[in-house]
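Just one chain follows, in the form predicted on its own, and it is written as structure tokens.
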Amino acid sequence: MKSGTPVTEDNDQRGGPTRGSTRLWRKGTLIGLHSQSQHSRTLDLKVPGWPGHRPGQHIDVRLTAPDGYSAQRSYSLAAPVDGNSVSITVDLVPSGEVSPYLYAVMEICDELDIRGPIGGWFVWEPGEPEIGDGPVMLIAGGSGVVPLVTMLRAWRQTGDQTPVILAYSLRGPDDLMYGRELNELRAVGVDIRLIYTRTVPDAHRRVAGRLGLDDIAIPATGQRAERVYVCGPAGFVDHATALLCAAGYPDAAIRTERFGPSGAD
């Protein structure tokens, strides 16, 4: 299954802040829509009774047809906790069963079922003592950028001073998600590195190509990040993890989350 955002954790789940209630299905009502790229958009939902969540967690989304048929997918949460509001960003998979509806059909005031939050390992809460002074490195492949942007939003909201690097791999300019927000984050000190693999926009210095060791280096100090979060399709995560190991990162410093098998959403 391939969703607009990551669906499977590599590691154990340590539980969210209200684990006992995360298995309940709740009604979510669409209250906002925001385009993020030529084939993705963010859905803001009001979910009464939402128990809260942490940056990096995800939710299950269930759609049910009038004849009772239902389909369920998982999506990363696309914004830090904000009362009863929940956001997800959906990347369209044209042949998919769920994302075409979420991307193009669902309208304001429509409802769907939500369950979560899910996951406690692929989480970064600014100020975490284990990370100390950092830096923290975030590595995204495609729509794997969604939970990492949520982490960056939480980082910015709290005024955390931990240095952060975002290495974002994408095919071309049309696939760029959160473009304006990434520029804003760069302006406040986040080291944003865009790695175009196929089509490079004008004036972009890096030539097209796969994520490499230079893209994850910290040249100013030669140090390594205290923690690295990698999110994207399985092949991308494997490749990035191999690079990190080659760069000397211990397993304990690397947290990964993968998309499910491709071919459907």
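What you see is a predicted model, and the numbers here were worked out from it, not measured in a lab. Start at 1 and count along the sequence shown; that's the residue number.
Missing here is the form predicted together with a small molecule; even so, the following discussion is about that form.
The contact residue chosen from V146, V86, L152, L138 relative to the small molecule in the predicted bound form is V146, the criterion being a non-hydrogen atom within 4.5 angstroms.
Interface residue remark: S76 is counted as part of the site for the small molecule in the predicted bound form, having a heavy atom within 4.5 Å.
Contact check for H58: a heavy atom falls within 4.5 Å of the small molecule in the predicted bound form. Heavy atoms of V164 never reach within 4.5 Å of the small molecule in the predicted bound form, leaving it off the interface.
Though the partner is left out of this view, L185 does not reach within 4.5 Å of the small molecule in the predicted bound form, counting heavy atoms only. Checking 125 to 133, 155 to 163, 99 to 107, 185 to 193 against the small molecule in the predicted bound form, the stretch whose residues place heavy atoms within 4.5 Å of it is 99 to 107.
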